[in-house]
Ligand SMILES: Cc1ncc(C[n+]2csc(CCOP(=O)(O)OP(=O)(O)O)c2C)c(N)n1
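Coming up is one lone chain in structure tokens, specifically the form predicted on its own.
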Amino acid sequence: MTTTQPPLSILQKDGKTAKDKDPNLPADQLKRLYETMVAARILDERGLALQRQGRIGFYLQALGQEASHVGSASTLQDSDWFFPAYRQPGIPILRGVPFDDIVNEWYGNDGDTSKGRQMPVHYSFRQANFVSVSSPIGTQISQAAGAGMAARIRGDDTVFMSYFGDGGTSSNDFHAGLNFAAVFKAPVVFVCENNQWAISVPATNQTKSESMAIKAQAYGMPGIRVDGNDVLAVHRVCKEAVERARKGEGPTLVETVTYRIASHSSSDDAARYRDADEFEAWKQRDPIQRFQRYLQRKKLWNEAYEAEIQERYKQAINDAIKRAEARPRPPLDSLFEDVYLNLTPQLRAQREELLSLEGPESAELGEFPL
């Protein structure tokens, strides 16, 4: 068996870069990447706190994975599309989605784009070309492949990026999606965020392959491993993959080697199955702190700057939470929307019956009377 391909890395622990590997991105782009990563972490910390307080029902964090999804997403044009998993909160922020739209989805209120029909953190933002997150593992992989095939048939230059975890590589959609995308040269970048854990299943029990990236060989596409906690390395690798896709050269599988610092979700306790020493070792590789040291060496970061962005995003998110909690739930008759253009007679009758059961008290709460 050959040696596993080491992940490409640019950033060193002290903020220096490997020799001749600094991409020298413009200062405004570097700061945008950093601020998006910080904002995503603040959002995650606040979201979990709300769940623990009983103010929302569920939450999933991306702690420790900010460089992976922000670095990759930043390589796309605004006209390109995302088929996400549920651990990429920085992408809507990067695309300019208002915090109100993000937080309304947590509460499922009348400002929620999904009208309360999705679990929290299962976003869908048409204005950002961000396709709805779904809980079933891997479905977005084949969806992205299909969208890419359609774009190729139309002859446009749109690129699609799909995210999934190491556990997603065991899904049927991983095989179907990558196989179709490769055969039809679909312009898709498949990003496997290998965070070492699929809930409580370690990556070592997920596959006997040397890596996730090596699986690309079986499908006839390039596969590359990159340090997922190094935002510059992720940006470089994905930029090359996006350019390749846009030129009509087909898909790429990118494995970002990272770590899920948080538990799987607010319903999980990773301390029950995860080694404490492993956890502490990965915490020392925090992608935000690592990037921060790089920016400091470039004189783009100082404590005053950090304090300003922390205050700015905390205030913006807290304001969005206050507004979300003041909004009512979606109206009951919205249950009948978005399925048929014109309601069938049966659905019209059911809607009328439902509304006739609604009392004054339940109308205010958006619920059935008990």
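In this text the structure is predicted, and so the values were computed from the model without any measurement. The first residue of the sequence shown is number 1, and the count goes up from there.
Omitted here: the form predicted in complex with this ligand. The next part is about that form.
Visitor: If you check 195, 229, 72, 162 against this ligand in the model of the complex, which one has a heavy atom within 4.5 Å?
Guide: Comparing distances to this ligand in the model of the complex, the residue within 4.5 Å is 195.
Visitor: Between 147, 94, 137, 288, only one gets a heavy atom within 4.5 angstroms of this ligand in the model of the complex; which residue is that?
Guide: Selected option: 137.
Visitor: Residues 87, 166 and 264 are flagged as a possible site; in the model of the complex, is every one of them within 4.5 Å of this ligand by some non-hydrogen atom?
Guide: All of them do, each having a heavy atom within 4.5 Å of the partner.
Visitor: Is residue 214 close enough to touch this ligand in the model of the complex, meaning at least one heavy atom pair within 4.5 Å?
Guide: Residue-level check for residue 214: no, no contact with this ligand.
Visitor: Please check if residue 199 has a heavy atom lying within 4.5 Å of any heavy atom of this ligand in the model of the complex.
Guide: Taking the distances in the model of the complex, the answer for residue 199 is yes, it comes within 4.5 Å of this ligand.
Visitor: Quick check for you: of 111-119, 166-174, 180-188, 236-244, which stretch puts a non-hydrogen atom within 4.5 Å of this ligand in the model of the complex?
Guide: Partner-contacting stretch among the options: 166-174.
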